[in-house]
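Just one chain follows, in the form predicted on its own, and it is written as structure tokens.
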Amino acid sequence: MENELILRTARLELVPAAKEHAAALFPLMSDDRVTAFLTWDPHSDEAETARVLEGLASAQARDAGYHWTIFQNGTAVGIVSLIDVQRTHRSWTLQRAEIAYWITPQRQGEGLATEAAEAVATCAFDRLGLQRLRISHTSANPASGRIPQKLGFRFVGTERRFFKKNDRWHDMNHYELLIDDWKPGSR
């Protein structure tokens, strides 16, 4: 199935994240501008990046998450993921996940995260059988919030003081999209 999960767009190739990508991703994942609002801190060495990538590959094997290294012209520029994949909860069928993404600061503002997130949403609905997607971003990062808006996600609300990082509390804005409302290529 891994080869089936290689996604291609007009400008990007999304390849399932693997520890072999550590050398290409370490310089990006060690940049504190990348990690400012993320759940992890800058990586201190390439071995740490390799361990994280192994964990991401393991999540995919368990159907708990799907993670792609984003390549443009053979150069790694970020990661896009389906995190917190929930298929069921007891007798409920859920079929939902959250799209998460980051792009190296040198390439932000070029629409790459939007393009990658659109490819992942299409994969989630068409190949993985998900019914609901969510995107969340901190209020302090409005550029990240434009991505779900461009893709037709519906704003559902703001959770105040959602997380604290570097001694500062952050509000989190949440968006959702149902398969019935998905219009790939509409941006």
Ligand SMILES: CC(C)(COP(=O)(O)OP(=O)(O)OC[C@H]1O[C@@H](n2cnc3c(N)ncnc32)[C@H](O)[C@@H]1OP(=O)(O)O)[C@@H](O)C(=O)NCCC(=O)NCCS
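Since this is a predicted model, take the numbers as computed values, not measurements. Start at 1 with the first residue shown and count on from there.
The next section is about a form of this same protein that is not shown, the form predicted in complex with the named molecule.
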Of the candidate stretches 44 to 52, 31 to 39, 126 to 134, 59 to 67, the one with residues having heavy atoms within 4.5 Å of the named molecule in the predicted complex is 31 to 39
Is there any non-hydrogen atom of L82 lying within 4.5 Å of the named molecule in the predicted complex?
-> no
Heavy atoms within 4.5 Å of the named molecule in the predicted complex: does N141 have any?
-> yes
Using the partner position in the predicted complex, report whether L112 sits within 4.5 Å of the named molecule, counting heavy atoms only.
-> yes
4.5 angstroms heavy atom contact with the named molecule in the predicted complex for Q108 = yes
